[in-house]
Each structure stands twice: as C-alpha cells, then as structure tokens.
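As structure tokens, the next two blocks hold two forms of the same chain, structure 1 and structure 2.
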Structure 1
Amino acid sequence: MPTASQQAARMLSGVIQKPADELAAMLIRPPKPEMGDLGFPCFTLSKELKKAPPQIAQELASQLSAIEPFAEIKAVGPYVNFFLSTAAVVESSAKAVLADPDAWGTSSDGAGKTVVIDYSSPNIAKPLGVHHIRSTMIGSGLSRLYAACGYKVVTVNHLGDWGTNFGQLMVSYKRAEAENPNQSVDIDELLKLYIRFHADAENDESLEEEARGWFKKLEDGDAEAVRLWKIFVEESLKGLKKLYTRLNVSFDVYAGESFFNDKMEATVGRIEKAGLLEESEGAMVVDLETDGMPPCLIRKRDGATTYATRDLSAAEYRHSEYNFNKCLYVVANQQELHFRQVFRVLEKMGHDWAKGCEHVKFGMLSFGKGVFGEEKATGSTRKGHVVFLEDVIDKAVDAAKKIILENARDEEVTAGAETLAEQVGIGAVIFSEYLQRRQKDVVFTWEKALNLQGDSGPYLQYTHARLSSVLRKYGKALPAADAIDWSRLGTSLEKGVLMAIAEYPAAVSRATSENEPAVVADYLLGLCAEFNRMFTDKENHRIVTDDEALSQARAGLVEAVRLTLHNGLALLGLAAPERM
C-alpha cells in the first residue's frame, strides 16, 4: 500500500509532469497541525513557470480533487497542503500493524531475486579489530533489509586467510612449541605469536627468510605447513564467530582468499581470451585508460596474482554459484578505485551481470577524547597497538551496567542487569554505526552512544521498554484490530503518531534501495519523537481513562508504535528490552 506521501506525490505528478519520486522528496510536514498533514512548497517551480509561488499553489490546488486518503487539499500561501482523513491513516498504520505484526514493514519487492553481500572480511589469526565494525554492522544491516524486502540473501565473509603472515606465524609457533610442547593456538595466542615474530625479527633478519620458506611450503602443499594453517584458520574462526554471535551477526559462507587459489588461473585465461591482457614492464595488466582509470594489475612481474585477480575470480564464482542479481561489497571509501577497476574488467570480459556489482562505500571510524585513554585504534597490530572490537564491546557493556544500576527503579531490572547491560551496551555500539549516512566519517564517544535521551540505540531501547510499561499498566488484552474503535483517536498528536507509523514500510524500502541502514535509524528516532510528544501531554492523552473505548484505542496505538519499533530495532540488529 503506498504511503500518504507517495499518493500525494503521484497526484502532483499528474498535474506538474515531474517524476513522483522527485516530488515526494519535496514534501514537508507543516509546522502546525491546522496547516495540514503534508505540504508541497511551490518556490522551486516559480522560476520555471514564471509565476509567484502563491499563484502556483492556488492553481495546483484547484486541479487536485480530495480523494482518499485525503479529506481536503487547499492552498495556504506558497504551499499546497494535504489534509489526511484519520480513518485512512489508521487503515495504513495501526490496523495494518496489529493485523500482522511479523509482516509489518516487509515486502515482496525482491521476490525471485538474489543478493550476495560481502562484508566484514577481516584478516584471521588475530581478534577482530575495532576498525572492522563499520563493514560488519553496515553489511549485517543490509542483509536483514534485503531479506525483509523479499530477496534471497547470501552473506559472505571474504576472510584474509592467505599470505606471508602465515609463514611468520608458523615460524613463531615452531619456536614457541620448542619451548613448550603444549603450546595453545586460540585466537588470542595467535596474536601473541604474530607480535612475537616481529619483535624477534628486529634482532634476527633470518627469520623473515625462514617465514617466506614456510609460506612457500604452504603454497606447495607441504603436509606440516597445511596442517598448521588449518589449525590457525579453525581456531581463528572459533574466536571470530563467538564475537559475531554477540553482535547478532552471521554468515552463510566463509570463503577466504585461499578458496580462490585454484580458480585464478582460469580467470586469467578468460581475461586473456577476451583480448584484454597486456604486458607492462614485465607485469600483466588490463588497460583502462579509455575508462579514465590506471591499468588494472592482474599479475605481478614475479608471476604472483593480486587482490584484483582474486576479486575477479570471486565475482565469477559467486555469479556461477548463486546467479545473483546484485553483489554488494561493503568496503571502505579508500577502495573505490579498486572496485571500479574490477567491475570494469568484468564488463570488458563480457559479463553482463557485472552491472549488478556495487561497492557499498563507507567513511572512517575515529574515537573522541577519553574513549580509549592513550590507546590508538589505528595503531600497528605487529606491535600490539591496535584496539580490538571485543574491548570496545566489553567497555560499552560495563558502562551500560553502571547506568542501569544507577537508574533502576524496578527489582526485575536490577536482577536482570547483566543481560540488559549486554543488550544496551552492544546496542549502543551497533547503533553508533547507523547515526549518519555511511559515506560520512563517524566519531564515537561514550556520551553520544549511551545517552538515554538523545539520538542513540539505548534511547530507542528505553522507548521500547517505556511502551511495554504503558501496556502493562493498561493491563488488558487488545481485541482484533477491526474491533477497536479507532475513530476515538482525533487529536493532532495522535494523528502525527499514526502518520509516523504509516511511513515505516517506505523507510525500509528506501533504506534497501539506497543500501543505507541509516534511513531506518532516522525513521525510528522520528517515530519515538512523535510518540514522546503525545505521551508527555498526559493531560490530554492518558491511556487509562474512564472511557474504555478511548483507552482501548490509545492502547492499540501504543502497541502499534511498540511493534513498529521492535521490528525496526530487529532490522538493525538491536534487542528490544521489555524493561529498563
């Protein structure tokens, strides 16, 4: 069902002859309820039509007939204002939510289509670094959004599980094993071994050559090298999956760089067969000068393949395996040229499906003063200076627990403080990634992340708990949506909440089409603001009144807000606590 904004835009489009999407983006909410529910400003049309905005508004209003969901359309100064009927808004919001809560916000837009989403993709043999949170959370949010819109979603973690660093780990492991035959190899110990290697190598240059020798053994299939590599990979995945579970993140496929070792030669052969491979200073490249890009390096002078070769092979494999309509790469802004080159080479190879490949770019993450004291999140892993994501989560959970215990007024909240702190602390970290559009840089501070009153995950979770509390105080089961007398909801604040609820499906659809989970985050903050405006006006909007029909309608409205907020939080990967 189209939203009120979409219907108003379609009506305007029939008169102005402009795309409805363009007009929908111009619609505003008037500052006062008596001015209408939606307003269309005519200023931008003034130059084009060579008329004053008020005159344009009058002419447009005279050409528009008030049909459902609109009770009236009229010109007010330079605006065309649309007045919604309460019955129509209820039908597209509260009644729709209560009729089928699980389906609220979902669609069949992507039915029959497949999207592959490549995200997180850390180097293994060390804990997940905090800098991986952006790709991890944006990709995870997108996976749920696409699923809600009916797509078949395949999530891929393209692990960094190959390279000379594994030779370094083998050297360090063998040295440690000689000292202690019972040497452990969990993910934390692997990090220590990596750091130890580089510390030892500063005093013994032969270790680097020994490491290259071990990696060569691995490439050649040496039994001992392969055995150690498999142990390193398995133990790394155990540690990574444990943290992913805390973050409510999962993957269908863990296919790292090593998975494509035996597939790259065939890809290079296809590039050559397409007449694209050229020699350049001993290396093999694809010339992209006519596309305004430097050459794409396929094979180095020493014959080694490159990241581009692997990504080309991965794209071909994924399309062959999953027949995707879209393949999204959730990777930082800095890799824009790399993916432009890869996608263009795929197109030149004759792969029409390459047009469905997209680089979902995002900005950098930094930390405000006092977040980590003197630590630097951009430091060197070799020297042990990097900040790990689990440390951030643990610190967030500890901070959340302190706030919860300081403010708890409910014995059940105090008793469940450990679980609640985990939900709120992790929610704060996750939501901080959705506070603004993904291509912008993010500055993380505890003050913003854990604020119960501001734009934060805990604020949304607190509002959900507050809604749950209101319903507990009402204390009665709600009847079916059709049995509630929704006509009792007549105030401008109630109508504002109903309109906000009605916009949820459109927010989910737009977030998906723009690959932008922040759209849902913005929507949820706006929904909570609308509800809180109504809820704080207790004199005129009490839930429990002497008029049972009115109380029932208002309780139904509260439940519709709660369910919408619950569904939206789930899309972003946040828990929805019943008590806080």
Structure 2
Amino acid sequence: MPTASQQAARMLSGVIQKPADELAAMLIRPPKPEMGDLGFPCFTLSKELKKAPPQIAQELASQLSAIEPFAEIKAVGPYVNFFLSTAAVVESSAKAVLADPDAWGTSSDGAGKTVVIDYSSPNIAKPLGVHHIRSTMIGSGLSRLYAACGYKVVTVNHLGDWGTNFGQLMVSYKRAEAENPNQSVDIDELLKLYIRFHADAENDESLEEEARGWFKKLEDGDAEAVRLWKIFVEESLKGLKKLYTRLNVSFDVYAGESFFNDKMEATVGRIEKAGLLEESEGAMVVDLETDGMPPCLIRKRDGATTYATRDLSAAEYRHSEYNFNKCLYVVANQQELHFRQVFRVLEKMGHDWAKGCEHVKFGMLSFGKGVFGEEKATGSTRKGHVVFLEDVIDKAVDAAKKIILENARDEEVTAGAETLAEQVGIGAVIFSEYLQRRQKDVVFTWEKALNLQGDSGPYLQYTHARLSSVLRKYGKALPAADAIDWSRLGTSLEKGVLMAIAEYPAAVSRATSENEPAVVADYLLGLCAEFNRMFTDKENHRIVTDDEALSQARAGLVEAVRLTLHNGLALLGLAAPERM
C-alpha cells in the first residue's frame, strides 16, 4: 500500500509533470497542526514558472480533489497542505500492525526467487579485526531483509582458508615447536605465530622461500602440511563462530577457498573451451582489453591458481547448486576491479546468469589518531596494529553494564544486568555499522565505538523498553485491531506517528532494493523521534484516562510503534529489551 507521502506525491505529479519520487522528497511535515499533515512548498517551482509561490499553491490546490487518504487539501500561503483522514492512515498503519504483527514489514516481492549472499568471508588463521564488522553486519542485515521480502536466502562464508600465509604459519609453528614441543595452536597463538613470522622474516629472507615451500607441500597433499592446515582452520573457526554467535550472525554454508581446490580444473577447462584462455608471459589469462580492464589472471607462471580462479569456480558452483537469481558479494570497495573482471569472464563464458551477480561494495574503515598510541596507524596486523573485534565487543558490553547498573531503577533490571549489557553493548556495535550508508568510509575511534548515547542502537533499545513500560502501566489487554475505535486518534502528533508507522514496509523494501540496511536504521530513528514528539506532549496524549475507548486507541498506537520497532530491530539483528 502506498504511504501518504507517496500518494500526495502521485497526485501532485499528475498536475506538475514531474516524477513522483522527486516531489515526494520535497514534502515536509508542517510545524503546526493547523497547517495540515504534509506540506508541499512551492518556492522552487516559482523560478521555473515565473509566478509567485502563493499563486502556484492556489492553482495546484484548486486542481487537486481530496480523495483518500486525505480529508482536505488546501493552499496556505506558499504551501499546498494535505490534511490526512485518520481513518485512512490507520488502515495502513496501526490496524495493519496489530492485525498481524509477524507479517508487518514482510512482503512477497521475492517469492520464488533465490538470493545467495557472500559476506564476512574473512581470511582466517588470525582473529577478526574490527574492520570485519563491516561486511559481517551489512551482509547479515541484507540476509534478513531479503528473507523479509520473501526471497529464499542462502548465506555463504567464502573463507580465505588457502594461501601462502598458511605456509608462513607452518614455518613459525615449526620453529616454535622446536623450542617447545607442547606448542599450542589456539587462535591467539596463531596470531603470535603470524606476527613472529613477519618479525623473523625481516632479518632472514630465506623464510619467505621456506613458507612457499610449505604451501607447495600443502598443495601437493603432504601429510604434515595438511595436518597442520586442518588444525589451523579448525582453531580459527572455533574463535570465529563464537563471535558470530554473539553478533547474531550465521551462515547456511561455509565454503571457503579451499573448497574449490578440486573444482577449478573443470572451470579452467570451460574457460579454455570458450576460447578465452591465453598465454601471457608464461601465465594463463583472460584478456579483457576490449572491456577496458587488465587481463584476469587464471593461472600464475608456476601453475598456481588465483583468487579470481576460485571466485569463478565458486560462482559456477553456487549457480548450479542454488540456481540463484541474484548472487551478492558484500566486499570492500578495494576489490571492485576483481569483481568486475570475474563477472565479465563469467559472461564471456556464456553464463547468462552472471547478470545476477553483484558486488555490494562498502567504504574503508581506517583508524583515528591515537588508536594505536601514535600519530599514524598503519592498521597492519603484521605490525600488531590491529583492533580485535572481540575487544571492541567486550569493551562495549562493559561500558553498557556500567551505565545499566548506575541507572537501574528496578530490581529486575539489576538482576538481569549481565544479559542486558550483552544485548545493549552488542547492539551499539552492530548499529554503528548501520549509521552511515555503506559506501562511506568510516574512521574507527574508541570514543565512537563505546558511545551508547545519541543516534545509537541503545537509544532504540531504550525506546523499546520505554514503550513496553508504558503498556505495562496501562495494564490491560488490547482487543482485536478492528474492535478498537481508532477514530479517537486525531491530534496532529498522533497522525504523525501513524504516518511514520505506515512508512515501515516501504523502508524495508527500499533497504532491500538498494542493498542498504542503513535505510531501516534511519527509518527507526525517525519513528522514535516522531513517537517522542507525541510522548513529550503528555498533557494531550495520556494513555490512562477516564475514557476507556480513547485509552484503548492510544495504547493500541503505542503497541503498534513498539511492534514496528521490535520488528525493525530484529531485522538489524538487535535485541529488543522490555526493561532497561
């Protein structure tokens, strides 16, 4: 169902000959109730039409007749003002939410379609750094959004579990083992081995050679190399999954780069059969000059396959296995060329479905001054310049716990402080990823990471708890949605809240079509702001009154906001506490 602003924009579009989207973006919420519920300013048109804004407003208003959901449309000064009929907005907001809370915000837009989402996909054998939060959260947000829109979703973790870095780990593991036969290999130890390798290699060039030797052994199936590789992968996965669970993230499939070791031969064969494989300086490539790109490297001079070969194989595998309509790769901007090359090669191979592959890019995370106690941080794990995601989460949870205990007003909050702190601290970490559009670069600072106030996950969670508390105070069960006398609502602030609720399904579908979970985050902040405007005007919006029908309608409105917020938080992977 179109929202009130969409309908106003459509009506205007019929008389102004401009696209409805453009007009919708111009609509404002008038500051005073007597100015209506939506206002269309005529200033910009004034230049084009060479007429005074009030005259344009008069002319437009006279051409529009008030049909649902509007009760009246009239010119007031330089604005065309739209007055909503409460009954009409109620249908597409509060009533719809209460009638079927679970279905609120879902659609069947994607019915019968499958989307594969490749996200997080870290290079393992070292703990997750804070930058991994980007792909991890954007991807998991998208997986829930697509599911809400009726798609069948397959989430894939394309782990970086193969490469010379495993050879490096083997070298330093062997050295450490020689010093201490009980050398352990948990994830923390792996990081030490990694740092040790790079420190040692600075003074000893032969180590790189030795590492390549170990990797070659691994590729050839040498028993000791394979044994160590398996241990490294297993230990990394243990640490990784622990974190994923805390972040409310999961995958249907873990199919890392190594999974394609025995599948690439066939892929390379198909590339060759399509007449695309060429030799270039001893390596095998697909020329992409006519596409304005450097050649895509398929086999290196030493015969080794590449990151691109694995991705080509993975795409073919995903298509044959899941028959996807879309395959999304949630990966940083830096890999843009890589994905353009891979998608182009797939097309050249005759894979029509490659059109469904999309690189969902995001900006870089860099480190602010002082994060590593020096002017310029390199963010390089090798130098130990790394902020671990787990540390960020732990610190956020600690900060949340402190605030919760300081402000706890009832026993129940104090008793549940541990769980609540985990929900709120993690809520802050997750939500900070959704505060900006994904393409924007982000600068990590501890102040920002640990900020639990302002536009944040905890603010939304707190609003949810507050709504729950209002309903607890009301204390009565609500009747069925159509037994509530919604016509009792009608102040402009109530209509504002109703309109905000009605926008939710559109926000979900826009977030999905733009692959931008931030749209939902933004929407939820707006919804809470609208609710708080009403809530602050206590005098006129009491819930407990002598007039039970009025109380019911207001409690119904509060419950509809709460459910919308609850569903939105769930889409983003945040808990919705009832007390805080």
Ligand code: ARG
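Throughout, residue numbering runs from 1 along the sequence of structure 1. Rigid core (definition): largest C-alpha set, two forms, superposition within 1.5 Å. In this text, all values refer to a predicted model and were calculated from it rather than measured experimentally.
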Give me a 1 or a 2 for the form predicted in complex with the named molecule. 2
Compare the position of the CA of E503 between the two structures after a rigid core fit and state whether the shift reaches 2 Å. no
Can we say the CA of G303 moves by at least 2 Å between the two structures when the core is superposed? no
Verify the C-alpha shift of E530 between the two structures: is it 2 Å or more after superposing the core? no
How many angstrom apart are the two C-alpha positions of A66 between the two structures, if you fit on the rigid core? 2.8
